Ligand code: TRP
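Only one chain comes next, encoded as structure tokens, the form predicted alone.
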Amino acid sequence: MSRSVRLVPAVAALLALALTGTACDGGVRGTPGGSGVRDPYFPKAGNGGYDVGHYDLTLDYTPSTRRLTGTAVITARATQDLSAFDLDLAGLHVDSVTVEGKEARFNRAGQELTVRPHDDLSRGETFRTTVRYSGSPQTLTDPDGSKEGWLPTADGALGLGEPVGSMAWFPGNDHPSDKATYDITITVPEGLQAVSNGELADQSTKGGRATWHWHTAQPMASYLATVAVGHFDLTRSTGPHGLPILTAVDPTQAKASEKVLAQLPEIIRWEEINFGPYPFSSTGAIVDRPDDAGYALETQNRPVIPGTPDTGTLVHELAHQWYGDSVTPKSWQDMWLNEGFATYAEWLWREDHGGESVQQTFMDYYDGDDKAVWAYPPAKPSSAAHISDSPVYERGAMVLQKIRQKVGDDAFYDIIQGWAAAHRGGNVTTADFTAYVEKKAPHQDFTEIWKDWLYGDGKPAHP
């Protein structure tokens, strides 16, 4: 037996307001944004409830003490009514947080910095969060054993962020699905250089400290942000259409790197022919010492390369400026859209410069003894520890060659150039790519390629 209760009108109105989440005073009653965006490989990465538009980072670093002091001003838009939101930050001490100039409460739990603004934020509202922090930044170890985050070097440090390393040196929404523009200002001891993404907006020296201000005007995923502190020879030149080129080379690598870096304008010109207009306002490279990092990384505008690069590495990392940096995956499951394309660029370069054809390279892998290529399908890495393994790179490139075989050269180049143009500055999934290919070649059947090469387990029966 139930007993009904009649509410007087005033009580009923209050209850309705509570249920809808609207405060009686006309303000907003929000809910917390999610911690993590449910990435299938890095579920804690990123955060829900907001979209970042711009990061303004002011950093001060002293290599001798390994102490970093930072202020991050993060301009974002609420995508829901928010009572709290999270930022990703690993280690470091948070000194204070303000939201819209008002002091905000915060707490830490692992990599999550939870911020509770003084006033709830309305959906659609643009708000500014300022985080002041300090400490010794961490070097993080990825699931595959590689090092990222903040890497101390012989004469400074190197900030690398793939997949989740940027949270070691600044708070943010550390997931590729949330791209933003950046201003990064770094102050270091006089005599050292501090190199980052984009263009150098200002440089000054005062009181024995040198300050470098870099501006990135095109959207950038957090994993592509970099800071390189140390002794560097800075060289400026121009590429196609007057494109500014800036290289920063450790003096110990300068002579050995000179010849290959001189190819930069030619490589950009060749990649524009194949992939379409270069998507950013500058390019270049950062060449540090061989032991400073165990891998090259396509940091936006200016890839980081440990030790003297070879031509193939430069071709690969610069191809990422189109595929990975401009056209960025929505989740780490779609890593092959970065690495398969960049690997294919290496194959194309060899084909166009007197080496073996792409088809021959394809057959070499198909007929070869390297079983690692077939360990899992490119679009379904087996785990977070394997998103950078051979299937993502070589088998991913083989998927592109299968498409080229199917449609012919003219249609193939229309597809890869159109893909880069259609999604310039955006985020994509593998489903977006397969739909795009089918739209551009409507009379072709790609079922077998998707089933056997992109999503299928093991080595396909026929090349």
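In this text, residue numbers run from 1 along the sequence as written. What you see is a predicted model, and the numbers here were worked out from it, not measured in a lab.
This protein has a second form, the form predicted together with the named molecule, left out of what is shown; the following refers to that one.
Residue 339: heavy atom within 4.5 Å of the named molecule in the predicted bound form?
Flag for residue 339 set to yes.
Heavy atom to heavy atom, is residue 163 within 4.5 Å of the named molecule in the predicted bound form?
Because a heavy atom of residue 163 falls inside 4.5 Å of the named molecule in the predicted bound form, the answer is yes.
Partner contact for residue 335 in the predicted bound form: the named molecule, 4.5 angstroms, heavy atom
Because a heavy atom of residue 335 falls inside 4.5 Å of the named molecule in the predicted bound form, the answer is yes.
Residue 268, heavy atom within 4.5 angstroms of the named molecule in the predicted bound form
Residue 268: no, not in contact with the named molecule in the predicted bound form.
Is every one of 297, 317 and 393 in contact with the named molecule in the predicted bound form, taking contact as a heavy atom within 4.5 Å?
Every listed residue reaches the named molecule in the predicted bound form, so yes.
Tell me which of 178 to 186, 232 to 240, 385 to 393, 122 to 130 has residues with heavy atoms within 4.5 angstroms of the named molecule in the predicted bound form?
Careful reading of the contacts points to 385 to 393.
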